[in-house]
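Same protein, same chain, two forms; see structure 1 and structure 2 below, as structure tokens.
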Structure 1
């Protein structure tokens, strides 16, 4: 008869594995010899090979234990396991495909149409710096307001088809490099506020949802350059004068 080591070596597992299977009730404890060693018959080999085959297929041991009753439900279970394997193979292939995209730098975090929109911005004259900021902005908008984000994005994308609005955005982009005291910032702020009122009235889309979005924009801009910080400040004061419903958060909880 076989010792635990012989059994384990023949099937290609460790003795520990065999003991674990005993402890979990997968493999019945065999008789012990006079010194307390386990002694296995050939049946144990067959059973252990069966268990290993299923375990290699990723079947949890607890499920393997439940498995062995009637032949038809065993066949059923085997079919399920087979289907699970097929699914896992497909999943791994998908992962591999995505991983290759990651290696190629084509990582996709935003919806495809947003990525396309961002990809089209350089041709319109926007700086990489502005595009990066917009990208971060959309990531956070989609994360915080998945329901509103598409609407907001459609509006934004559509507004760039208007040459006047597009020029305003371009001007805001390049305001990054302006001195905070440059009077051009004042003029730009006036034009932006006027265009906003013309487009939205005093109730911009999403403003009733959460102050996080304008706040976020503010913080992103402020952190980037003194020029943008000044521009943002000017826009806010002018919008408040115009009766815009911008609930400003006054606490320090959104610093960063």
Structure 2
């Protein structure tokens, strides 16, 4: 019969590990003998070797206790564990490939044509602030409205080829720095609404989409600039007067 120290030494583990196996119910803990020592039999040596072998192979301790005692049951259980590990390894390799592609610039958050469009905005006179806002806008639109995103993007990209419409976008960009009481905002709002009616009538592209995301974006812009907030308020008021289709999240809340 062996003491716990002898057992641990012969099998190649620590006495602490043996006690952990006792605590987890993997290895039966023998009663103390008359001298107050726990004595381990040959069966305990065999069982501890089995536990160490499985643990070293990567089998979780919680699963070791569930494994069958016959060779067939053990083989079946190990095959299940192996299949699980294979699936995890595949998932990790897929994740690794995606990370490497992302690091190499092979995965784009936005389509290539949108990135090309954004890259060309500085040459048109747009500020870095506006371009960053546009990037965030298109990331959210492509993520939340993939069915509409291309249509909306092509519409905006095409509008920038018109000098008059491009000047409206540029004026909206620079309205960020205007005082909310600046009369230029009133004139700009009138021009934007008139151009929208001329281009779309009273139903612009995406007007029937869920308004939560557009409202979120607009509220973020309004918080960034009192000038933008005032411009948005003026545009909404004039669009409502003109009979524009303009859904808001408050409209949806009333539907319930």
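What we label the rigid core is the largest C-alpha set whose atoms superpose within 1.5 Å from one form to the other. Everything numeric here is computed off the predicted structure, so don't read it as measured data. Numbering follows the first chain given and starts at 1.
- Matching the description of the form predicted together with the DNA is structure 1; structure 2 comes from elsewhere.
- For residue 234, the Cα coordinates differ by under 2 angstroms between structures 1 and 2 after the core has been superposed.
- Annotation for residue 91: C-alpha shift of 2 angstroms or more between structures 1 and 2, rigid core superposed.
- Relative to the superposed core, residue 50 shifts its CA atom by 2 Å or more between structures 1 and 2.
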